[in-house]
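Given as structure tokens, the chain that follows is alone and in the form predicted on its own.
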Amino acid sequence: MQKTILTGLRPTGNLHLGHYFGAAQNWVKLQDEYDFYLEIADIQALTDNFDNPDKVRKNVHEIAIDLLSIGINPSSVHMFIQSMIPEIAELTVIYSNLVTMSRLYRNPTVKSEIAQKKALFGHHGESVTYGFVGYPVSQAADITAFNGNLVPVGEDQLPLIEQCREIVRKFNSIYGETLVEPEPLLSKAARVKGLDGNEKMGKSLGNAIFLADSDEEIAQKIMGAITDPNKIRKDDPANPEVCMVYYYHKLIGNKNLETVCEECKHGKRGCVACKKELILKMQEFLKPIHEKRAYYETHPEEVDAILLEGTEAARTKAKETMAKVRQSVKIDYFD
């Protein structure tokens, strides 16, 4: 039998190069090897966007188009909307009885967010919502609703998967062997740096190239990218390893990379010329994605049909899991 993969992302904005190289291109490679469920996690997006539901709703469709544009095949992948699977919410409630608040507060993701909120507001209780603290429980419900065997993650997400595994073990120890304990499928992809040299490319950091960016937006962003600060004049030698322009030449696989590196080191290449070459290479790299995006933008009914079909398949799977869970917890009344 094919193993099941569950992965997903929150619809808080379009996909950028960090998403693509960090995870999404790997999903495309895996999609024909597994029974693949890809969640657009709109409920989880509301944990810190509860006061802007229009943003989340709009981005459900945008994320779906991004995913289709990079090569996610709806014949191979069940792409679904989280809020349309009520079994996930039901599982979340049941699992919430199995996790202590102290354990949730020890989760590295939750701890980091609380520290940030505390620095801003002075007391975490005033700024961190129940929905955010319970995020790992909701994620466990996402994974187990579909009997996920494998969850593609980066190293920074391993604590969330371990918390899911703990919940599964506790559930099975109390109610009998019911749930599948998932394994992380560790991605070897490195985190993509931002145009400003930040170790992380982020939607809110203003340092990202989005897959949906126009040629003009790409050019403008690259022209503002950070280069070697010690290179003052055009013919000064520079260190390409501290230059974001060289970093992106390497990231997208510029075949002229060796020349770029040597000319940079020996002062034979100005930063403006190097940026202009990168602009052309980046536009060329993103062109196939832009062409697919243009198709789906003009055929929104196809996107809706894909989401509906994927959601129906996901709902069928989740219902099967929930029937077993309800039986194990002895709440299968009148079945």
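Don't overthink the numbering: it's just position in the shown sequence, from 1. Please read all numbers here as calculations on a predicted model, not as lab measurements.
Keep in mind the form predicted together with a small molecule is missing from the figure; the text below concerns it.
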Quiz prompt | the small molecule contact in the model of the complex: R10, any heavy atom under 4.5 Å | solution = yes
Practice problem: Indicate whether the small molecule has at least one heavy atom within 4.5 Å of a heavy atom of V153 in the model of the complex. | Solution: yes
Quiz item: For S69, is any heavy atom within 4.5 Å of the small molecule in the model of the complex, or not?
Solution: no
Quiz prompt | Q163, heavy atom within 4.5 angstroms of the small molecule in the model of the complex | solution = no
Quiz item: Of these, 34 to 42, 277 to 285, 300 to 308, 264 to 272, which stretch puts a heavy atom within 4.5 angstroms of the small molecule in the model of the complex?
Solution: 34 to 42
Quiz item: Which listed residue (N254, N149, T92, Q157) meets the criterion of a heavy atom within 4.5 Å of the small molecule in the model of the complex?
Solution: Q157
